[in-house]
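Okay, so here's just one chain, in structure tokens, the form predicted on its own.
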């Protein structure tokens, strides 16, 4: 799976889970500040991504932006 494909999936899941428009879910968007997510929202997003992408994602406090999520999934899938 390419980073572009991961980004599309992440954007779709975040838009659905946070009830925002997909065009708002840009790589530089801060998930908490720009997309108004709380810890539970982020947990639900990561759980949905785990299910959809069939990977195990550990909670990571360094995930701040949409791009951080994409990079984290890309690194996890590469292992």
Partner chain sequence: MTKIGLLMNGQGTEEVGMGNDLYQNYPQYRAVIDQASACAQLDLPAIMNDATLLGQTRYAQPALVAMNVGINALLMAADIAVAGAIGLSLGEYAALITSGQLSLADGMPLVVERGALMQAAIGDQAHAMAAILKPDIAQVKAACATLQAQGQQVAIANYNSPQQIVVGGTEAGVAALLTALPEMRALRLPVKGAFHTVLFEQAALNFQPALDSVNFEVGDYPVISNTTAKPFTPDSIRTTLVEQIAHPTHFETGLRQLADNGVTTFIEVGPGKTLSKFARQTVPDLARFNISNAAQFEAVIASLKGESVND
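Fair warning: this is a prediction, and the values are worked out from it, not measured in the lab. Residue numbers count along the first chain shown, from 1.
Another form, the form predicted together with the partner chain, is not on view; read the next lines as being about it.
A.B. asks: Establish, in the predicted complex, whether 4, 25 and 29 all lie within 4.5 Å of the partner chain, using non-hydrogen atoms for the distance.
C.D. replies: Checked in the predicted complex: no contact with the partner chain for any of the three.
A.B. asks: When the contact criterion is heavy atoms within 4.5 Å, does residue 10 count as touching the partner chain in the predicted complex?
C.D. replies: No, residue 10 sits far enough from the partner chain in the predicted complex that none of its heavy atoms falls within 4.5 Å.
A.B. asks: Residue 60 versus the partner chain, in the predicted complex: is there a non-hydrogen atom within 4.5 Å?
C.D. replies: Looking in the predicted complex, residue contacts with the partner chain do not include residue 60, since no heavy atom lies within 4.5 Å.
A.B. asks: Heavy atom to heavy atom, is residue 36 within 4.5 Å of the partner chain in the predicted complex?
C.D. replies: Residue 36: yes, in contact with the partner chain in the predicted complex.
A.B. asks: Should residue 20 be counted as a contact of the partner chain in the predicted complex, where contact means heavy atoms within 4.5 Å?
C.D. replies: Within the cut-off, so yes.
A.B. asks: Can you name the residues of 25-57 that have a non-hydrogen atom within 4.5 angstroms of the partner chain in the predicted complex?
C.D. replies: Result: 35, 36, 39, 40, 41, 43, 44, 47, 48, 50, 51.
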